[in-house]
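Have a look below at one chain only, the form predicted alone, in structure tokens format.
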């Protein structure tokens, strides 16, 4: 990135770092080359954001059809996902929270495997894993567990291992929501990262709501990024719905991480849907607030308007993208759904190395019941 861009990426700002406005207008003079991006990269960023939102819609449909038992929507946070994910290098490690679907997609996670996991059709876990808990070793994406924030100490641990092994150009990014920053794990992870100078990037998606608790009831500081001062690292406050700004800030953070300088990024964004399919946001959130974010700050709309200004976007291209994405997702769902469901008796497997006597009795009783019902 050029000096012009680096000058805009300052730590501890009062206002979010922003490159394009709500109508896609550049807020200062810059080109994609200044960001180290080509025209093809800009098109990919837009494509991945649209693919993420379309994947999200399919995930919700599968839930309503009873094919997926639980889902977490990502709509509204596509720029934070794709901008940060696009900055991750091939040797870097990724720890997600629960709303980073686009990070998986931009990293190259097979869509078939993502849908199969949602529907419990993955042979490796035999349907025992909770939906939206993806992980793939070859992509260096570590599977999360459900408790909030527990991944961050692991992120610092990976960073310490990278240091001990003297790895070069290798770092780790850990995602968390704004609510997760109130957990003790957040403090532990950043304290250790600051002390041991680990190659870590801590990325907070501040979507304004920790389930039903608004930001102003979560922390008293002017933002989350300012907290980095206490841990001896820089904190960057970025417009999480500006994919270019998110990419630039995250790329800069990784360059610092390779020099053993940990950083904290707060991406200010907004979730359009519920916290999860187990939540009803109408009980605590004003729908006018949601509509304002959709109308003014939608990340996909802003990027489309920016590309239109550059002469890259056309209605014809948009239609082609929509058709391509819909076909791609439908094919992935068909392939995932064609996989066999795990046999019910597999619920007894992979718990103990050797099944204890009381489980053996339950297992035999269960098999007998299956036979009596004509299921075996």
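Residue numbers count along the first chain shown, from 1. Just so it is clear, the structure is predicted and the values come from calculations on it, not from any experiment.
One more form of this protein, predicted together with a small molecule, exists but is not displayed; see below.
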For this session: Considering the small molecule in the predicted bound form, find the one stretch among 225-233, 208-216, 285-293, 259-267 with heavy atoms no farther than 4.5 Å from it.
Result: 208-216
Problem set entry | Contact residue in the predicted bound form, chosen from 153, 131, 76, 179 - any heavy atom within 4.5 Å of the small molecule | 179
For this session: Go through 90, 184, 147, 108 and name the one with a heavy atom inside 4.5 Å of the small molecule in the predicted bound form.
Result: 147
Problem set entry | residue 99, heavy atom within 4.5 angstroms of the small molecule in the predicted bound form | yes
Exercise. Should residue 302 be classed as touching the small molecule in the predicted bound form when contacts are defined as heavy atoms within 4.5 Å?
Worked result: no
For this session: With heavy atoms only and a cut-off of 4.5 Å, decide whether residue 251 touches the small molecule in the predicted bound form.
Result: no
Exercise. Would residue 121 sit within 4.5 Å of the small molecule in the predicted bound form, counting heavy atoms only?
Worked result: no
